[in-house]
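The chain that follows stands alone, in the form predicted alone, written as structure tokens.
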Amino acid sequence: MTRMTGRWSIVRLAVAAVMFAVAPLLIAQAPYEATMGLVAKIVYFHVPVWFMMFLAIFVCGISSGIYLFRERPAADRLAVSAAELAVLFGAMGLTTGPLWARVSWGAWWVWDVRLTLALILEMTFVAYLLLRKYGGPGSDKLSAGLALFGMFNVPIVYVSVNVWRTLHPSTTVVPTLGASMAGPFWWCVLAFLALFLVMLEGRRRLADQEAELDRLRLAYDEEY
């Protein structure tokens, strides 16, 4: 069973690698955006990584809720795995965003509503991981509550550009992409999704192995 799972992981990783290899070719063929030109092509990377961050947060939040109310350790391990990916993809988004902003807005960073809320969301899950590592007894339940708080903030971050005045493009940009831009964009989204699923499964399996090792160590200590 473990060998079969490993083979499927390799297949999924190969699919993701092929998709990422093809993505630059599709992006190169896509037309320039009318006002921002070449720099707008960062959207093919910047927006998908935020999608993956939001997905990771929902996985973490739902798993944390299951752990909090059903006390299932497997759900807690999945939540921790997803939280690490949320921080990783969030860091990617916060890195690529200023590259775009420097050309579009003339500044690396502005305290725009969307940007500020996104930074707070990233810091929330950094706090989650720090709490898990250094919080001591009971930190698992406390971090689960923090994950739920972060998950309920995702819709606020998403709609913030439509509710408040903001420099950040609105949520209507992606649905209105022309066919020549939408094709490469959604290809990149699927490529990142494939990578996300591979990474989440790998990290979850590692968490399961760590839990089994802790169980065996505890059993050994009790016996000897």
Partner chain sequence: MREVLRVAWLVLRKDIRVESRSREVLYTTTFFATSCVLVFSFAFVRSGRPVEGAESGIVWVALAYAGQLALGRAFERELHHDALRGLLLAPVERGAIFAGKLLGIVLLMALVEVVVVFFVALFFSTPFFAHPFLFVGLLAAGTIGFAGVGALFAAMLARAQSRAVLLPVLLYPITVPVLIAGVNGTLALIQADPNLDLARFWLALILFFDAVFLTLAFWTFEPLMTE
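Everything quoted here is computed from the prediction, not taken from an experiment. Residue numbers count along the first chain shown, from 1. Each form is matched to the other, and the largest set of C-alpha atoms that superpose within 1.5 Å is called the rigid core.
Just so you know, the form predicted in complex with its partner chain exists too; it's not on screen, but the next bit is about it.
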4.5 angstroms heavy atom contact with its partner chain in the predicted complex for V163
yes
So in the predicted complex, does G136 come within 4.5 Å of its partner chain, heavy atom to heavy atom?
yes
Can you tell me whether L68 touches its partner chain? I mean in the predicted complex, with a 4.5 angstroms heavy atom cut-off.
yes
Taking 4.5 angstroms as the cut-off for heavy atoms, does V159 touch its partner chain in the predicted complex?
yes
Residues F45, A91 and T96 are flagged as a possible site; in the predicted complex, is every one of them within 4.5 Å of its partner chain by some non-hydrogen atom?
no
Would you mind picking the one in V103, V113, V110, L148 that has a heavy atom within 4.5 Å of its partner chain in the predicted complex?
L148
Which residues, if any, of 94-123 lie within 4.5 Å of its partner chain in the predicted complex when only heavy atoms count?
I120, M123
Is_shifted V159 between the shown form and the other one (CA, 2 Å cut-off, rigid core)
yes
